[in-house]
Ligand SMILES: Nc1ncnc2c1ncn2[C@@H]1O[C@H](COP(=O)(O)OP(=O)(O)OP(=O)(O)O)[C@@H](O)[C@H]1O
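Single chain ahead, by itself, as structure tokens, in the form predicted alone.
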Amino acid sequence: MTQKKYSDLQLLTRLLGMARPYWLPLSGLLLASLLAAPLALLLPLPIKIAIDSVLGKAPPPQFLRALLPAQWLDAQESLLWLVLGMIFCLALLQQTRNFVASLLRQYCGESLTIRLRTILFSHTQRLSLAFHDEKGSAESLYRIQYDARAAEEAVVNGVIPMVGSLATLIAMIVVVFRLDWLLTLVALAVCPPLLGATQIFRPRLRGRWEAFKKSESSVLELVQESLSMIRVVVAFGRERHEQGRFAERSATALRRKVLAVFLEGLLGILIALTIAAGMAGVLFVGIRHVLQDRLLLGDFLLMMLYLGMVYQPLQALATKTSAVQAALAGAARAFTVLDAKPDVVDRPGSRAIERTLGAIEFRGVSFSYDETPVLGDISFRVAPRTRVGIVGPTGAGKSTLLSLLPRFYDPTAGQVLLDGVDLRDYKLADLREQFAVVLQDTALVSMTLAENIAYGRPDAPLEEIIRAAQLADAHTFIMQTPHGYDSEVGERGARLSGGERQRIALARAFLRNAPVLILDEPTSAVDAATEEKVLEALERLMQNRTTFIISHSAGVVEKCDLLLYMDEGRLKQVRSRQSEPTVLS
């Protein structure tokens, strides 16, 4: 899957669109951010009053005379207490704003992250198996777990603070312009260089963060791969080799992150030097104005404080560039997955199906994977309730052939028909209800035994679950576990033996009660004693069902009504009980 290119505006627009359900708390967070500006404007005011009116002889500001009695303002001591009270009240207001903003920031951030993760997880499950075969689970896991953080980082920690900083900047500019327009123009002379620096660094930062995320994802892929085959790693003594691979990939990720942080730091230095130059120019002009009696000392100090507050949002707007670019790099990776189209979808006007008779026909079916031919021109017909055995050497395409039935893939040529109707003309969800699947690698989820048996029918009552387990010859060992049907199976069924996992899979198929059964090497991972029990369960399971079974075991295929021999992706021979083998070219 090629990484798509998105502009910053495209990514931000989509992220803001995803944030729409949380407009109310986000509006509250934005309001809290905007309140920072007036509070920032008021914070230096008590200092100015203390310098000019308590220590000096200047009259108090006009707005205080309109609000408070004259006797409070004429006495220095009462005016001092007023200044102290203003400092206390402003500090309380500021901390209250910070507290509310922090709560809203956490709520909005986590909510947006969970929403994007949920959308990614849901969409990833709908993508075709070809996508998962190509990308692997670790890549999808990284995008769901880590790249989904882009919603929080870009919107909550990026856009909203930048809007607040912009509002603070505008308010500060208006105030200082009224105090001394020339100093304001000197202070704002740093804006063009800051804008130019951020524009130069922005695409470079995005590229560095994308490279880092790709490397970090490959580290996660290696960890998952090594731990999933830990028995093989230990058996062959390859721990040091895997450790070396891990160290190598981690070092690559580290180098790429250091490069991104280096660029980030370099931008920070340029911003700091530019702002320092602006402050030096303001200080030079301001002192001359004080010496020329064009500006009071208190007004000059207030001006310097306000200009410091002008530079803070300016610096925040510039330095947020790196954080936002890192977030947008993750967003681009997340949206690349979301924009991937499933290969297997419902056709317009697809029909519903309740329960099939089980008549299946392959008509000139071919299939290619990444332009590599896997199946070629396969045709055969199966009557309802027929047992079909499929044999052939490894790599002959047997599993791929059966993967076409529940539409894990669609054929690249030809048709697969169910009850005389092309599979692609049925609703996908209804179609897959017609199949029960028991795979060679039995897949169990980390839930209870009962939940695993009922995985295909989660609303099934316990009585039916127990009956299915009895039919699969699983009830006895289940009752020997510490908690019976409520016992946890562990990750991928690690607490069960291979034969026990296989019988749980058979019980799941019994409970599903689908008219068509797909069995892919159901006895390959069990010993002879267990195979006998599994075969007995299989015999019960296959009754009155159309069954396709892949197996190298003679005991499994000898009772099949139809036997298909495959080699090199082609159907070489068809044999039934009633006729001589038919050799195909």
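Computed from a predicted structure; not experimentally measured. Residue indices: 1-based, along the sequence shown.
The same protein also has a form predicted together with the ligand, omitted here; what follows describes it.
Query - in the predicted bound form, the one of 286, 406, 397, 158 near the ligand [non-hydrogen atom within 4.5 angstroms] - result: Only one listed residue qualifies here, and that residue is 397.
**Report entry** Listed residue that, although the ligand is not shown, lies within 4.5 Å of it in the predicted bound form (heavy atoms), from 110, 248, 133, 491
**Finding:** Contact residue from the list: 133.
Query raised in the report: Quick check: do 374, 393 and 440 each get a heavy atom within 4.5 Å of the ligand in the predicted bound form?
Result: Yes, all three are in contact.
Query raised in the report: Looking in the predicted bound form, any heavy atom of residue 521 within 4.5 Å of the ligand?
Result: Judged by the heavy-atom cut-off of 4.5 Å, residue 521 is in contact with the ligand in the predicted bound form.
Query raised in the report: Going by a heavy atom distance of 4.5 Å, is residue 369 a contact of the ligand in the predicted bound form?
Result: Within the cut-off, so yes.
Report task. Answer yes if any heavy atom of residue 540 is within 4.5 Å of a heavy atom of the ligand in the predicted bound form; otherwise answer no. Result -> Looking in the predicted bound form, residue contacts with the ligand do not include residue 540, since no heavy atom lies within 4.5 Å.
Query raised in the report: For the chain seen here without its partner, which of 268 to 276, 398 to 406, 454 to 462, 184 to 192 has a heavy atom within 4.5 Å of the ligand in the predicted bound form?
Result: That would be stretch 398 to 406.
Requested in this report: Any residue of 335 to 353 with a heavy atom within 4.5 Å of the ligand in the predicted bound form counts; write them all down in order.
Outcome: Result: empty, none.
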